[in-house]
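Just the one chain here, the form predicted alone, laid out as structure tokens.
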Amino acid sequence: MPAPSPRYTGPAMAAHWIMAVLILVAFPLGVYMQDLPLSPDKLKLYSYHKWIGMTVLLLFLPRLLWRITHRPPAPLPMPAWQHRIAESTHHLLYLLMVLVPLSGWLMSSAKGFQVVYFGVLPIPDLMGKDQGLGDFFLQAHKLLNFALLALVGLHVAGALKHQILDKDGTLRRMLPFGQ
């Protein structure tokens, strides 16, 4: 029986990088658009931000199912504490990939602004209009986004540490090109 590949599968790599790009576009877009004066351009940016969030939410389930049904390659040798941090970071990233867009959807619902996916598919509101809840979910959405940003930073720092200092091939296992 051949040894398992030390690399992640193509679908796992695709899911990883698609989600990374979506998250890394949505965050600065969200920061930028919130302070703009009300205008058609601001509303367009809010729509784009919501579409990205809903796409992350929609892609999460297939990604999770793939992860559950396809074992990743065994971790490369590293101290147990580093493995625990990496595993905890991954679990929290997965949790936030649901909570961040869900909190945005709840905020939009509570503030009375329905999400219309790609401008054509109305997504049902999760609750009725309630300004107090809308403000709560706005704060939750901001806090969760900054937590996600911190975890993404930790994840990237860990990958770079393994690539540059340890030279153990950890990063290469998730890159879709090269050996």
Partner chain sequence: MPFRTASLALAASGLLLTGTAQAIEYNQVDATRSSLAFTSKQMGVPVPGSFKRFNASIAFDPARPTAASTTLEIDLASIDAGSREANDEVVGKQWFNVKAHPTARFVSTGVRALGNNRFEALGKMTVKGQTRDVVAPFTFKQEGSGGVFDGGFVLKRMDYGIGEGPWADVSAVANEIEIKFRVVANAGPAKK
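Residue numbers count along the first chain shown, from 1. Computed from a predicted model, the values in this text were never measured in an experiment.
Omitted from view is the form predicted in complex with the partner chain, to which the following refers.
Q: Would the partner chain in the predicted complex be within 4.5 angstroms of a non-hydrogen atom of every residue among 82, 88 and 170?
A: Verified in the predicted complex; spot residues all out of contact, no.
Q: Does the partner chain get within 4.5 angstroms of any non-hydrogen atom of residue 153 in the predicted complex?
A: No, residue 153 sits far enough from the partner chain in the predicted complex that none of its heavy atoms falls within 4.5 Å.
Q: Does residue 68 make contact with the partner chain in the predicted complex, using a 4.5 Å heavy atom cut-off?
A: No, residue 68 is distant from the partner.
Q: Spell out, yes or no, whether the shortest heavy atom distance between residue 63 and the partner chain in the predicted complex is within 4.5 Å.
A: No, residue 63 stays farther than 4.5 Å from the partner chain in the predicted complex.
Q: Quick check on residue 49: any heavy atom within 4.5 Å of the partner chain in the predicted complex?
A: Although the partner chain is absent here, residue 49 would stay clear of it in the predicted complex, with no heavy atoms inside 4.5 Å.
Q: Only one of 31, 127, 58, 116 comes within 4.5 Å of the partner chain in the predicted complex by heavy atoms, so just point that one out.
A: Going through each option in turn, the one that passes is 116.
Q: May I ask you to list the residues of 22-61 that have any heavy atom within 4.5 angstroms of the partner chain in the predicted complex, in sequence order?
A: The stretch touches the partner through 36, 38, 39, 40, 42, 43, 44, 47, 48, 51.
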